[in-house]
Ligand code: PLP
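A single chain comes next, written as structure tokens; it is the form predicted on its own.
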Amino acid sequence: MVYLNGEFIPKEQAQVSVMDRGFLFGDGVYEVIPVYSGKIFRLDEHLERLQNSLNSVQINNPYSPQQWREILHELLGFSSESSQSLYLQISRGADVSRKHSFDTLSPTVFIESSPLTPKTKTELEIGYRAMSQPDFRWQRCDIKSTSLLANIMYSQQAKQNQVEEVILHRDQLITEGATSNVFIVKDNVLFTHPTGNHILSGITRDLVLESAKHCHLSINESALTLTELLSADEVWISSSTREVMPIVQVDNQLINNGVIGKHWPQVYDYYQGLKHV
């Protein structure tokens, strides 16, 4: 079952208008929220980020926080899975004609829930590979927009090159991954690009920083160069579905001789504890 504009219906029956601006222009925003043991994880923070994205593109939020909670919990009830991933998408809505400017429309709301099975610690301990590419995306990566063509092309590159992620850089400064935030550990300091227009500041990113502080890593929110990343002690990526994942090779360069470092297991363990608070 999915939720579409006030109704819970079978997924195969869900339809939107061909004049919907989400279909025509990618004119919308989205949010992904993990659910662990039946509990929606950090829902307030996700709803706040959703509101920020809506404000940035001038789409009215169709629901109050309490209405969102009620809809999401009702949708979860259609599945027997205790761990799920909620995908929320809000487009500006359907207009009567295709034009670039917009008037006030009724937003289209779509929500889907999928089973969520994060990789185990044993699976993650082998480490994963990534590749680097120049970041040619637009200047408002902080908006969780459905206009994801650049990210799609990067992700396809990762698939074709059999790596986990594409790590992006602007003028050789690391920004983020195509679908993740990036962390670099050097001499017991955790570096990550500061919040701003060039990255999507993930809820998971904040949890990784919280976990790292608890594990006595110093935090430095500043961008490092690609050269500095390649000489790092550890490299991690994070996202709602990946959680925090160690990267042991970027391009043809091994990180820490191709094995995970000493800090990742501690941060991973603390992060797992946060999921059940």
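Remember, it's a predicted structure, so these values are computed and weren't measured experimentally. Sequential numbering from 1, following the sequence displayed.
One more form of this protein should be noted, the form predicted in complex with the ligand, which is absent from this view; the next part is about it.
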Ile203: touches the ligand in the model of the complex, heavy atom cutoff 4.5 angstroms
yes
Is there a heavy atom of Tyr36 no more than 4.5 Å from a heavy atom of the ligand in the model of the complex?
no
Taking any heavy atom pair closer than or equal to 4.5 Å as contact, tell me whether Gly177 reaches the ligand in the model of the complex.
yes
With the partner left out of view, is Lys186 within 4.5 angstroms of the ligand in the model of the complex by any non-hydrogen atom?
no
Give a yes or no on whether every one of Arg92, Arg98 and Thr104 sits within 4.5 angstroms of the ligand in the model of the complex by heavy atom.
no
Partner-proximal stretch of 65-73, 36-44, 219-227, 238-246 relative to the ligand in the model of the complex, 4.5 angstroms, heavy atom:
238-246
Out of 83-106, which residues reach within 4.5 Å of the ligand in the model of the complex, heavy atoms considered?
none
